Every structure is written in structure tokens, then in C-alpha cells.
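This document opens with one chain alone, in C-alpha cells, the form predicted on its own.
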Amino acid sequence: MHAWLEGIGVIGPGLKGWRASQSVLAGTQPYFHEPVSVAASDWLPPAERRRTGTSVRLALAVGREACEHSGRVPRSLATVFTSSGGDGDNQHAICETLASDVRDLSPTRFHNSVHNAPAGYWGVATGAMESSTTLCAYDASFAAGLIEAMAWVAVERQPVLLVAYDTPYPEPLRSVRPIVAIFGVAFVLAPARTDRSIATLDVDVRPTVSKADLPEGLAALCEGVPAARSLPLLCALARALAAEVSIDYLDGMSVSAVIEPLRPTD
């Protein structure tokens, strides 16, 4: 499958947006693990803004950055949202409520518990009416989302926004499903070259090959957060060199991504 990459967004520990993070991802500056703070989106009405948790804020933030980088109007794009677990804080709060003597769930907790909540908030924030898909494939969620987005471009011949995000669970859920950090990434992909294009991307599914050589400090993040399995792709794009990277997918398989840069990804 083939697509043209137009925009990138990223937020994670020590990674405060695509432009600010390029030198770190390229390995020309050292990586420092720093806490992540994501503000509620000012694209949302005040009432909706107050209801958002970290996962929604993260998804909207990286999606917005990718759209702004590409110059695309967000409401014009189909979307693919992918996460290995959704809003862990909200799930924890619901479990606490159900384990208590008073089991009344708030409507806000309930509607934030559905896996496509970030896609819904994106629609409210942007007015988007194009097709939207939300999926989950456990640790393979980023790869599955990338395949879905590339398939959309190939079949529908329309641009698409891919958003992948994960946030840690509180204890005791964290002990059985450890996600080490907050991480979100987004790409705008298109079926044809435009003046926005920064690289071509060709994707295929193959038997697993060797792991990518990541800058120091990023390998643990890649292993510890499903959405951060995108780091080999992000690092290759930051280097602005032709490359082929392997992204973990289902057991024994990986997604091969071949990148050909067109111009500096500034």
C-alpha cells in the first residue's frame, strides 16, 4: 500500500511536538525523559472541555498538530483512531464505583468509557463528518491502525488522519497491564502528491525482522507503550533519509514501512 505523508504530530516523555522533537528523534541531540502534560483542547466548547480525560486530550493534541503541519482542514479528513486500552483513569474510576456501596455511574464517566470517545470528541471539536474508524489490537494497535489508514487511502482515494495514543493505568490495573508512559502520534496520509507532501510511505506485512536501532532512551519507550511502536517510523522520518523500518505487529509478523523523503520535514 502506498501513500503520501503530509503531516506529523507527536507527544511523549521528552517529546513536545514534532518540530521540537526532530533533533532528538534523529539522534543529533540527547533524549531526556520528562513528564508529559497535555492541556484540554480549546477547540472544544467549555462544557465538553471539562469532561475530557488525558487520553482524549492527548488524541486531540497530536491530531491537531498533524493537521496544522499538513495544512489540511481537520473537518475534511477521514479518521482512524487506535489505542491499546483507551482511558485507563476513567476505567479505574468506574471499577472503584462498581466496587463501592454506591454504584451510580455518572453519565460523563459512562460516555468516556467507550473506546471511540476520542473520535467523538474530535467530531465535536472539528465538525468532522467524514468516515471514522476506532480500533484496538493490544500491543499491535499502532501497526493495525497504520494498516487501516493505508487501506483507506488505497481504496477510497481520500486523505486520512491516523491518531494512535496510549496512557498508563493506575494501580491495581497497572500491575497486570503496565504501560510506562503517555504517548500519542498522528499522521496525515494522502493518495496523491501535493505541495504539502513531505515523504512517500509504502507499507507491507511481513514476518518479523530485526529491531530498529533507536536513539538511546527511546528503545524502552518503544517497548513500554504500544503507541510508541511508531518510534522507528518517527526516527526515520526525522533523519529525512530514505529508509525501511520494521514495526511490531501480531505474533511473528511486522509491518514494513519504506520511507522516501521529498523535502526537509520542518
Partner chain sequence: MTTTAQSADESRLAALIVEALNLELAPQEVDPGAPLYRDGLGLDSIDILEIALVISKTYGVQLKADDADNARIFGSLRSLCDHVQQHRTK
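Positions refer to the first chain, counted from 1. Here the structure is a predicted model, which is why all the values come from computation and not from measurement.
There is another form of this protein, the form predicted together with the partner chain, and it is not shown here; the text below is about that form.
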Query raised in the report: Can you pick the stretch from 195-203, 28-36, 41-49, 228-236 whose heavy atoms fall within 4.5 Å of the partner chain in the predicted bound form?
Result: 41-49
Query raised in the report: Is there a heavy atom of V114 no more than 4.5 Å from a heavy atom of the partner chain in the predicted bound form?
Result: no
Query raised in the report: For D104, is any heavy atom within 4.5 Å of the partner chain in the predicted bound form, or not?
Result: yes
Query raised in the report: Should Q158 be counted as a contact of the partner chain in the predicted bound form, where contact means heavy atoms within 4.5 Å?
Result: no
Query raised in the report: Does the 4.5 Å heavy atom contact test between T108 and the partner chain in the predicted bound form come out positive?
Result: yes
